[in-house]
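The same protein chain appears twice below, in two forms, each given on its own as structure tokens and labelled structure 1 and structure 2.
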Structure 1
């Protein structure tokens, strides 16, 4: 096995960083508690999340994408009304950002909270109820308290490094994150897996030896796992009726299994670092050309909704477009979608069939069914009998996929499409349907789009390292 220490040096926060982050957290807590006292608000700030659990990845290495979130929650007694919790909680949060000289965004998870940008860190300031058991739960964010407590109590000091290795590995192979865009493993899930299996390597071995769709982990032996139909079931040790792994897709569960197998078979340090994807316009163009399919990109402006609402909408629309095309006999070899989560969404459709013959053979009622036969023959006088059934040729409405896609995106046609209302509005406003080969001729082809196309052509790219 490889030596994990050099990796840990890169991903464990340095002493200086720990001091800085914990110092900032303490400072913010103090500000909140002081103000609560001053304003006579019965509330107390508490540090939760990966900083509290000591499982956060160093912010020094910016390659992993998103930076560190510091979770400072503002606990209210259970007797507080929800209105008071919201107003007083936000008041304290605003004052805290002000006094700490930060900026903020208002965000929403069951109720509004603030994300402050303070001293280079992102700090979530979240009002919550001070519960000790999931039966007292009043708001989904309250769970964070219980989760943090459980991990602090049950994860050995030595195991925090194992969690960090697992989270980092997950990030680098593309299976980390329970947001809809990924559908992968949450941080809490990684922690529970290390508690269950003992170490990073044992989690990988466990996944390979034991996991199958429907596999159950039940640390507290609640015996309630059978109620969940998800690919992986990890009963929440703080709530017997919740599956921590509910957001994990079969896809990401399978990908993790494959990556784990690849790593164990040939362990390499590079699994813990970003993979450099090598692509260029010409190579991409040649690859699409060689497939002799007809690939188009549908590009559109994204609506201003949270990423966790946007991605499922785009994916749903992608699947629905594929279905509409296949229902009309246009064979789709593959599809994918992408968004920068700010302005642009893209759906890729790679078609095996782009043009069709003008007629479609269509089956009607049996000859014994008089009423339906009469109706069918009235509509299709040129029918014939095959076996006991009427058949006819109908002229296709769409002889090429492009006209079908375009018709689907008109006000009249879009009711056939499964599409959320926000995205629907944007699609009806404007879209761009462009041939991938044409796009890859342009010398200023967008870098993100090229990366997306490369990932489409090399779907398993991140699961392995050479």
Structure 2
């Protein structure tokens, strides 16, 4: 097996970074607590999340995507009204960001919170209730208190390194992140898996040897796992009625198992580092041409809604559009979707059938069914008998997929499409239907779109290393 120490040196925060991050967290807590006292607000700031649990990855690794999140929660007594928690919590959060010379965005979970950008770090400032047991829950964010305490109490000091290895491995193979866009493993789930199995390698071995859809992990032996129907069931040790892995899709569970097996069979350090994706317009175009399908991109402007609301709407639209096409006999070989989460959304449709003949063969009743035969022949007088059944030809309403897509995206046709109200408005305003081969001729083809197309063609690319 490979030596993990050099990898840990790269992904563990340095002593200097630990001092800087914890110093910033202490500074922000002090600002909040001083303002709470000054304004006579009964609240207290506390550091939670991966920094408090010492399971965070170094912020120096830009290839991880977004940098480190520092979670500072503002605890209010259970007797506080929800309106006061929101208003006073946001007031303290705003003052904190202002005094720390940062910028912020207002976001929404179970209630509003601020994400501040301070001294190069992303800081979530979240009002919550000061609970000690899941029975006291008033909002989903309150759980973070209990989760942090459980991990701190149950994760050994050396096991924090195992969590870091697991998180990093999952990031690099594309299975980390419980947001809807990914549908993967959360940080808390990674921590519980290491508590359950003991180490990074044991988690991988457990996935290979034990996991099947519906597999259950119940650290506290609550015995409530049977109530969940998710691909993987990890009963929350702080709440017997919650599955920590509820956001994990079967797809990402399966991908992790494949990547785990690949690594155990041929362990390489490269699994912990970004894989270089080699592609250009010409090679992508050649790959699509070789498949002999007809691939198009439906491109549109995205509504200004949170990412976890946007991606479900796009994916629902994608699946509904595929169903509409296939109901009219246009065979879809594959589909996918992507968004930059700021301006652009894309649905990819790879069609086995793009054009159809003018008529379709339609089956009617059997010749023994006199009543229905009479009605059928009245409506279709040119019918004929094959075996014991009547058949006829009916003219297709749509002979090419493009006309069906265009008709579906009109005020009348869009009623047949399952689409979120925010996205519906944008699709009716403007969209472009672009042939993938035409797109890949253009010299100004967008790099992110080309990466999306490459990932579609090479679905298992990140799950292995040469």
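What we label the rigid core is the largest C-alpha set whose atoms superpose within 1.5 Å from one form to the other. Residue numbers count along the first chain shown, from 1. Note that this is a predicted model, so its numbers are computed, not measured.
Matching each structure to its source, the form predicted on its own turns out to be structure 2. Scanning 144, 78, 267, 394 for the location where one rigid part gives way to the other between structures 1 and 2 picks out 394 as the hinge. A rotation of 12 degrees carries the smaller rigid part relative to the larger between structures 1 and 2, according to C-alpha superpositions. Once the core of the two forms is superposed, the Cα of residue 380 has moved 2.7 Å between structures 1 and 2. Once the core of the two forms is superposed, the Cα of residue 389 has moved 4.4 Å between structures 1 and 2.
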